[in-house]
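In the form predicted on its own, a lone chain appears below as structure tokens.
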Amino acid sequence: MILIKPSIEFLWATPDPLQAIERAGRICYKSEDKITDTSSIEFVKRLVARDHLAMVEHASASYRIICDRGITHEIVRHRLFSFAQESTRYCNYLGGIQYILPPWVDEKLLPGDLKLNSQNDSLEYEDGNVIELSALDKETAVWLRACGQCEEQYISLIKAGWTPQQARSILIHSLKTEIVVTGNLRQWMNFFELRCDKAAHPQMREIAFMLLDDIKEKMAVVFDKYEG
């Protein structure tokens, strides 16, 4: 099995998003003659300050997110986003299953390709490094055994002739998945309000803050009010 950390990748956004928002907004008042090379910054600032966010919907952004299946179940609840997700019906994990490392697991457990040795209760990384499960906290060891056993049973079902869509029924939430999320900037604002909150799931917050840090670099005027 392969342990990896969650990650995000920026794919695309509306070209010159602030200018797109300003142009849409000024049509409402027929004040297009006030548009300059720099006027969009102050214009969008005023919109956001007044919570007049309908115009912000005229710009969009798209990200590729790598996380566990449990987190994507929360992401897809944002219905006005558009999604494209890795399919466990068609993807075959015979070559080995990837799992997402939760932020709360023992820090001795590192990302990498490893094998679970049930005979001596240890982990062996591809580079030869060995970790005794007894050296990890009890809960992390339980989680690792579950991941290892899930991989073994999944592979045994595939080899026995089950299709990926049949064998996937035993896969666990920690399974790595990829999802492309596309939405207008107002929807991204709503996403950050909900998913950066302290009450959100720890893994969801982990992803949300990665996305927020990245989008703030690209469109700070829209997202400045959110703390990364």
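So that there is no doubt, residue numbering starts at 1 and follows the sequence shown. Keep in mind the model is a prediction, meaning the values are calculated, not measured.
Below, we turn to the form predicted together with a small molecule, even though it does not appear here.
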> 79 to 87, 116 to 124, 139 to 147, 101 to 109: which one contacts the small molecule in the predicted bound form at 4.5 Å, heavy atom to heavy atom?
Replying inline: 79 to 87
> Given that the partner is absent here, does N190 sit within 4.5 Å of the small molecule in the predicted bound form, heavy atoms only?
Replying inline: yes
> Hey, in the predicted bound form, is K176 touching the small molecule, heavy atoms inside 4.5 Å?
Replying inline: no
> How about R195: is it within 4.5 Å of the small molecule in the predicted bound form, going by heavy atoms?
Replying inline: yes
> How about A160: is it within 4.5 Å of the small molecule in the predicted bound form, going by heavy atoms?
Replying inline: no
> Of the residues I41, A200, I27, L53, which one places a heavy atom within 4.5 Å of the small molecule in the predicted bound form?
Replying inline: A200
